[in-house]
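Before any questions on how it binds or moves, here is one chain, the form predicted alone, in structure tokens.
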């Protein structure tokens, strides 16, 4: 038995070396020995010690040195755009489809990676993810590694104290719209303060307010083709009207907060419900490093799907992240960058690359099915439970829609106007029209 395992391990190792070497020599190009990677803060891929370990292992196996630079969401886009203009963009970038597919890829700055996917890859990769990273013309500018669904959060201790826990299903992490309304009222009656904030000072964390509105009555946010915005549909108008009716009774439209501010207030125990929540926040609330699933006062936090109508599954916004290659005209560096992508995203090393992102793998297996990735988080109950109860509800990734940046501004501005008491059908129609004008302009 021991000999059999050793033989199998040797076969797998040789298979991986053959795969990497064969890929590296594709089109007769010898890979460069040095490349650069810029990464946005995606889990521990923003942790220099962790990334040094990952790329160090890659260098030891391939002889290719990777120089890493770390971006922030504050100035990262400006840095990339400046580098593109100057002709010295990084070889590799780690981020999501909104930037690499709908942004720099569509603008012609990135390498088409479609040749990296065979039929086996398409069987193993989540089809929704594959659809998102594939452009209308079949080009693929992002090789996906991880995904997640964004969610809500509740202060369980506060819910129990107010008797609001009866309105949530903590086992399945779900609640109905009626349950949400009843919970907010119970919290307000007990504590006498705002329980949940529809924050709208800017675009930060706006996935939470979008999901709250669209799930209330099953509305949509964009067209299926991602060429226009539909948040002025009757279902969404009804949802916004019902939320507005809750103002002053535990819910406020707060034009002084963005998602990060809301998270801080939730962590402090001021708010009892968070709309801007995620698995990373659950593992490390407020990024304070003080423990999993607890407020600063030690109260329990539970992640929740967004409230939906009885019998209707919630539809959650999601995140997808992976690697893209800037086309700097150097085929040797492109070949080396492709080798890096295959090493991280489709090899025996993929499980570790996924774990360090603190998200969920986009594929069920790697290395032509020889590496099972389905149980990556079996040793972590929180990740395992989130993967079972929240991730399956990830819906359309519409952040690649045309006119996206302008639409985000129109959305939070609209919420501000609602909070100020303006006529809801009128103001929704006005700002949705602004978003559609941006989409039509491309």
Partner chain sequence: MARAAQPTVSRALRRRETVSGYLFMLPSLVFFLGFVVIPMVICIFTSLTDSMMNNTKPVNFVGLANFQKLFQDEKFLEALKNTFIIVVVSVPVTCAFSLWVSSAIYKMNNFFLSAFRCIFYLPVVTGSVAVTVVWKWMYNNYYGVFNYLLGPQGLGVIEKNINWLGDPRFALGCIILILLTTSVGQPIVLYVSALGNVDQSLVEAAKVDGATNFQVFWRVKWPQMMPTTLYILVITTINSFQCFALIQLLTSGGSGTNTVMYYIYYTAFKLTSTAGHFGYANAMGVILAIFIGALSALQFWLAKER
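So that the term is clear: the rigid core is the largest set of C-alpha atoms that superpose within 1.5 Å between two forms. Here the structure is a predicted model, which means the values were calculated and not measured. Residue numbers count along the first chain shown, from 1.
Another form, the form predicted together with the partner chain, is not on view; read the next lines as being about it.
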| Quick one: is residue 139 in contact with the partner chain in the model of the complex, heavy atoms, 4.5 Å cut-off? | no
| query | Does residue 281 reach the partner chain in the model of the complex if we count a contact as any heavy atom within 4.5 Å? | reply | no
| said: Quick check on residue 232: any heavy atom within 4.5 Å of the partner chain in the model of the complex? | reply: no
| query | Might residue 297 be said to contact the partner chain in the model of the complex, defining contact as any heavy atom within 4.5 Å? | reply | no
| message | Given a 4.5 Å cut-off on heavy atoms, tell me which of 206-214, 359-367, 268-276, 149-157 is the interface stretch with the partner chain in the model of the complex. | response | 268-276
| query | Though the partner chain is not shown, can you say which of 84, 130, 116, 170 has a heavy atom within 4.5 Å of it in the model of the complex? | reply | 84
| field | Heavy atom within 4.5 Å of the partner chain in the model of the complex - the one residue of 58, 386, 412, 377 that qualifies | value | 412
| Looking at the partner chain in the model of the complex, which residues in 239-269 have at least one heavy atom within 4.5 Å of it? | 248, 252, 254, 255, 256, 257, 261, 265, 268
| On a core-based superposition, does residue 79 travel 2 Å or more at its Cα between the shown form and the other one? | yes
| request: Once the core is aligned, please say if the CA of residue 210 is shifted by at least 2 angstroms between the shown form and the other one. | output: no
